[in-house]
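For reference, the chain that follows is the form predicted alone, supplied as structure tokens.
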């Protein structure tokens, strides 16, 4: 659930300001590579997470500039990032490690886990939960949060009040990209132990499903990430359970998290309300 929660919470804040970033899948793919490369350069997994956050922030900022100042169609821009990542990630793998398939890094670079009475817990998972609560407080208990929500609903009113609509939207786009970048770096450094070009496996789109399910509320997005994360873990557990794996095809079991995503989104999408100007660039008159 960790990368899903980080990306979904960041996207909730981003869309509250009226900017849509459906390029989370591309950000996951690119930051998984940059995170591992940074970890190897500094010899530390935590620095890899910071490298992922920085790369994600740059990508989020770039999409924000394209959307806010270029007034591009935000859906097309996000899909462009996803398509770009499909070609750019194999190029990075070859350029950095001279191998296009998989890069296995030293185990010492994995982000250490905390040993608790309930099992091993990654500090990044705790951070993801904390971020969801902080984002909720930001949006509903602070002046900045009020301004972010106002930018999504009435950007002209924010403009008349003397605030910069473009700056607020760029801020949220960058923040959302940074959180997604941490999630992308977590995939190899906190979970998989290697980086491959298919490492995201559609999780960026599942994070978008969490956002839709939550109606842009960070705490609900955290709950959705837990639900989809459980479905993913359940599929993995079923696939290796003796007596089950012989009877049920592996690829059928692997469908569980994606089918869960489709069913949940189909049930709630008509009941969610989104900001009035979401996906529409603002032009001063």
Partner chain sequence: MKARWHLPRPLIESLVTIFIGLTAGALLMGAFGYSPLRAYQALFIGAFGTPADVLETIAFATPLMLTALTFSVGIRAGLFNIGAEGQMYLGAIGTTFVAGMVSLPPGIHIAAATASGMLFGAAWAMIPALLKVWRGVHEVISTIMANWIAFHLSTYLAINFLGDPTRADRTVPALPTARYPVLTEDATLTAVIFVAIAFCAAIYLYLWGTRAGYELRLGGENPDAARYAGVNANRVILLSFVIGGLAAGLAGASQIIGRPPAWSLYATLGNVATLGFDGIGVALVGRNHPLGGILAAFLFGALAHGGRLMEYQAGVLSELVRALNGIIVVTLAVPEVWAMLRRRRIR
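Everything numeric in this text was worked out from a predicted model, so none of it was measured. Residue numbers count along the first chain shown, from 1. Here the rigid core means the biggest group of C-alpha atoms that line up within 1.5 Å when the two forms are laid on top of each other.
The form predicted together with the partner chain is left out here; the points below concern that form.
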Answer among 70 to 78, 155 to 163, 142 to 150, 122 to 130 for heavy atoms within 4.5 Å of the partner chain in the predicted complex: the stretch 70 to 78
* Report yes if all three of 66, 197 and 249 come within 4.5 Å of the partner chain in the predicted complex by some heavy atom, otherwise no. => yes
Contact with the partner chain in the predicted complex, heavy atom within 4.5 Å, among 175, 212, 135, 168 goes to 212
If we test each of 61, 42, 258, 230 for a heavy atom within 4.5 Å of the partner chain in the predicted complex, the one that passes is 258
Under a 4.5 Å heavy atom criterion, is residue 206 part of the interface with the partner chain in the predicted complex? yes
Restricting to 89 to 109, the residues within 4.5 Å of the partner chain in the predicted complex through any heavy atom are 90, 91, 92, 94, 95, 96
On a rigid core superposition, would residue 252 pass a 2 Å threshold for CA movement between the shown form and the other one? yes
